[in-house]
Structures are given as C-alpha cells and as structure tokens.
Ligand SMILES: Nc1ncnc2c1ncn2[C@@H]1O[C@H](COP(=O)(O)OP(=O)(O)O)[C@@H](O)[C@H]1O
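As a starting point, one isolated chain is supplied in structure tokens, in the form predicted alone.
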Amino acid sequence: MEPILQVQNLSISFTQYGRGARQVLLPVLRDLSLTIEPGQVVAVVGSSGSGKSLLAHGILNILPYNSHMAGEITFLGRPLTPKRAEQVRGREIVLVPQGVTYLDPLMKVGPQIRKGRRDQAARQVSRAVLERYGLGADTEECYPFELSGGMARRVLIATAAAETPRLVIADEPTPGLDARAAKRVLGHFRELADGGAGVLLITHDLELALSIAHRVAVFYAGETVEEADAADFTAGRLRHPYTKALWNALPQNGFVPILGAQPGPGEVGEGCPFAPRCPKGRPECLGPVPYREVDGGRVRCLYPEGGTA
C-alpha cells in the first residue's frame, strides 16, 4: 500500500542577522524522517522547542520568507512541491491548528465550515459533519465566542473533515482541555484514520498520544531520535535513551526527571544532541550518528537497546 506521506532527510533553517549586517544561518530541523500509511495515526512527540510545529509548516509550505528547506516530502507517491502543496492545502491536506482563535470571530460557524458556499449540497455536508461530532444544526448559527472550548475544537475538526482529506495535521489540538475532553477530541482523529485518512498528531503529551497513535516519532532538538510502534512503549521495547527517559518521566512510571536541558537552535553539533545528558553517552556519540532500523523500529543511536553499534 502506498504511503500517504513520506518525509525523508528534511532540514529547515532560518536566515537571521547577527551583529551588524552579518547574516547567519540558524538550523532548527535536521535530517528528519517519518512515514504515514493510510488509516494510520502517527504522533510526533517532543518537548517545546524540538521543532514539531515546523514540520507541519514545512509540509504545508507555509514557512516564513527567511526559511530554507531541504530534503524530500512525498504525498500520495508524488513530490510535494511548493506549487502542489498550494493546490492540495485545505483540501487533501488539512491543518487542525493549536488555537481556536483560528476560527473567524466575525463569521458564523456554518459559513466557515462551508467556506462561503451557499448551495444545498454544501449545507447538507456542513450539518452532517457537525452531527458527526455531536454538534446540533443550530451550531451553524453560532459565532465562535458563543461556543465552549471543547465545542470550538470540534468545529475545527468538522471544518477539516468536511473536505474529506487524505492527510490531517493536528498541531497540539488539546491545550487547556481536561483529560477526559482531550481524549474525546483525540478520539475524533482516530475516527478519521479509521476512515482511511492519515493523521499526523503533533503533541508534547506522550500519554495522550499513546491513547490513539499507531506509531510514535520522538523529536529531540530538531531531530527524529526514534520511530516506534505505540505498543513498544508498554512492551518495554524502546531503543533510544531519550525515549526511555520520556516514558519514565510519566507519573505512572515513577515521574523520574531528566537531568539537564535540551539544546536550542544552533547549539547542536554533528553528533547526537542528547549525548551530554545520556547515561550511555561516549566520545564517539559526538560524531555522525545514522538513523537506522533496529528491532522493528528506527533509531538514531550508536548504542540502542536491542542493538549494537
């Protein structure tokens, strides 16, 4: 089966001005790879500043003017060029953004879902998709400020689902929601995947991600350090020391803190960015570290669990 999305060796950097008029290139993402199959939820997990949202912006081709992107992005078997990204954005590839402020505060919900269309077919789609997410037809006549936070997030999902997309990108879709509401919202994304779409879930919450994801890609300092099946977490088959540290930091796993801090953009050398904090770190970890297959997953580590250098 052909993957919906393939990202290979993606790097994103930004041109900034240093002292005076001197330009400097600030690398933020480097050598990032992941794959999403039809009907699959792939969660991208990492702490703030790891570059998760930049991945979404790179796929959608909505990066700022001073950005530079290298690598390859393939959508439905064809290169996702800037021109093609513009053609499929909002139709075949849709974004469910982090904030409900993306809803137009001056426009009622119905016209936003229909994207201004007024024909009967568009109205039927609008009402059907609202009903699918537990919202009555009267929601069409509401302005965003009249909705609760949970309702507004369901409207954002309904707006995306109305286009019958092949790829849904959900960028931190649950901030401010309690655990029960967050799981309910994430359940809607799993329903989209069950219907055949691919879902890219971007989140810092590993526990929530594991509640719906088929696979999990773990980011650290702008790199993919591991991609694993969700079942590998509970089965103890984690390969990278950072992934294991994230898992052990969950309350139910002992709430073990990770000493040190994630390096910022421009502070990462050639080797593993986690090496200074890694209990298994060795001098050779400061050199090139390939991203390779180990025990059914992929990992960027010279000394992974379940494998050797």
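Predicted model only: the values in this text are computed from it and were never measured. In this text, residue numbers run from 1 along the sequence as written.
One more form of this protein, predicted together with this ligand, exists but is not displayed; see below.
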query: Pick from 64, 266, 254, 283: which has a non-hydrogen atom within 4.5 Å of this ligand in the predicted bound form?
result: 64
statement: Contact with this ligand in the predicted bound form, heavy atom within 4.5 Å, among 39, 271, 49, 276 goes to 49
Heavy atom of residue 35 within 4.5 Å of this ligand in the predicted bound form: no
- prompt: Applying a 4.5 Å heavy atom distance criterion, does residue 248 contact this ligand in the predicted bound form?
  reply: no
query: Would residue 23 count as a contact of this ligand in the predicted bound form, using a 4.5 angstroms cut-off between non-hydrogen atoms?
result: no
query: Within a 4.5 Å heavy atom cut-off, is residue 14 in contact with this ligand in the predicted bound form?
result: yes
